[in-house]
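Shown next as structure tokens: one chain only, the form predicted alone.
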Amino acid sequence: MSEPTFDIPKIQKAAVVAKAGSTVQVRNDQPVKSPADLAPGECLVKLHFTGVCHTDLHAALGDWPVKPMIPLIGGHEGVGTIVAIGKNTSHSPVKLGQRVGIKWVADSCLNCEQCRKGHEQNCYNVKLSGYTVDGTFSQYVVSYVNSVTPIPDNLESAAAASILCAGVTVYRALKYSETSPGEWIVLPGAGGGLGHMAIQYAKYMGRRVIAIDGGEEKRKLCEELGADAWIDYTVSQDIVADVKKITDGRGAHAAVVTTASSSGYVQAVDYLRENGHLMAVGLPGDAKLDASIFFTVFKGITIHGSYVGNRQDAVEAIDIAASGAVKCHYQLKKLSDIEQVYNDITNGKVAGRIVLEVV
């Protein structure tokens, strides 16, 4: 059987941030790398859909301690079709015409200490989609055969997009939270892009969920997804007391903090029970973790930074979604809507996730 062939243009549409802090602009004059110029191990992916993450906003603003490259094409939740593979690529695990996903970790060396230990996200030579290399807010993107994630046939592309970041990130945090079925997990930011998927993965794992967020829309979403208890932070007089009341006075076994607010971290140390685990996921730009050292030690609290996931985590997270156990609740928009999407994320107006059709 002959390999499929594709007509690949020389220029494309892409959403570009020209300088840190500037608005994102959709342009029609961005070059597409020629298949002949792909290095061994590289592949060219024609994108169909891409999720939008709060990280993309940080990349545009340049407000994290680790600075992005500029100018930048953001995005790191892309699903598309491989239309070219670099010459002399040996033992490629993917093939032309295959549908794949592109994640935050665009590529890692696979040979350094961190990669050998399964911490590819901490690779000393890591490439980050939409941050240190161009990302998925474009019609075509250069990726890497050893790092893209195959998408099962029974999982729609738009639904798969945000699993590649939000999904795998919360899945890994729950996976390493050292909790057991029936134990309590608190999810600050539960109605957001990461949080609403964390509810579903936690329920899939048999955990009991306390969802924390604000507003009636997010309450309905969290309860529909199976949250066992709800706390509205805009109404609650004492979140720590509320968590302890729900958990018979003992506190929760773990918290997966997806909010970018430092208060979510400080409160967690107070409402966790002895030997509880604080899984730090959300990334405030400059905020500090101002937790009680005494009670962190006295209660045996573990604070665990959990940063996206490795290739195996991604496969597992995608497979669970393909089973129907986890669904991303998203609004579908066009790439041309991206500036308004950034504004809505900034103002906290997004429940669930935004997915862009790349046309």
Partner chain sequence: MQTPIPLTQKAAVLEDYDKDIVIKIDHPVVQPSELKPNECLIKLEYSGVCHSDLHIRKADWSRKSILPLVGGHEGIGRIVAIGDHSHAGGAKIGDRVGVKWIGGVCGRCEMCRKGHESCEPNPLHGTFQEYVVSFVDYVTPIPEGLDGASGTPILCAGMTVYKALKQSKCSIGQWVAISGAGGGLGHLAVQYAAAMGLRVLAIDTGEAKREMVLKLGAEKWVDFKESEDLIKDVKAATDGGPQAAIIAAGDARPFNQAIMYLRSTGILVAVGMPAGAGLLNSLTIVGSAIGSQQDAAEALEIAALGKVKCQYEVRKLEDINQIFSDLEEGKVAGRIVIKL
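Numbering follows the first chain given and starts at 1. Being a predicted model, the structure only gives us computed values, none of them experimental.
What comes next is about the form predicted in complex with the partner chain, which is not displayed.
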Examine Lys288 and determine whether its closest non-hydrogen atom to the partner chain in the model of the complex is within 4.5 angstroms. no
I'd like to know whether Pro93 contacts the partner chain in the model of the complex, with contact meaning heavy atoms within 4.5 angstroms. yes
Is Gln312 close to the partner chain in the model of the complex, meaning a heavy atom pair under 4.5 Å apart or at it? yes
Please check if Asn146 has a heavy atom lying within 4.5 Å of any heavy atom of the partner chain in the model of the complex. yes
Listed range touching the partner chain, judged in the model of the complex by heavy atoms within 4.5 Å, from 83-91, 152-160, 253-261, 273-281: 83-91
In the model of the complex, do Pro40, Asn111 and Lys117 all reach within 4.5 Å of the partner chain through at least one heavy atom apiece? yes
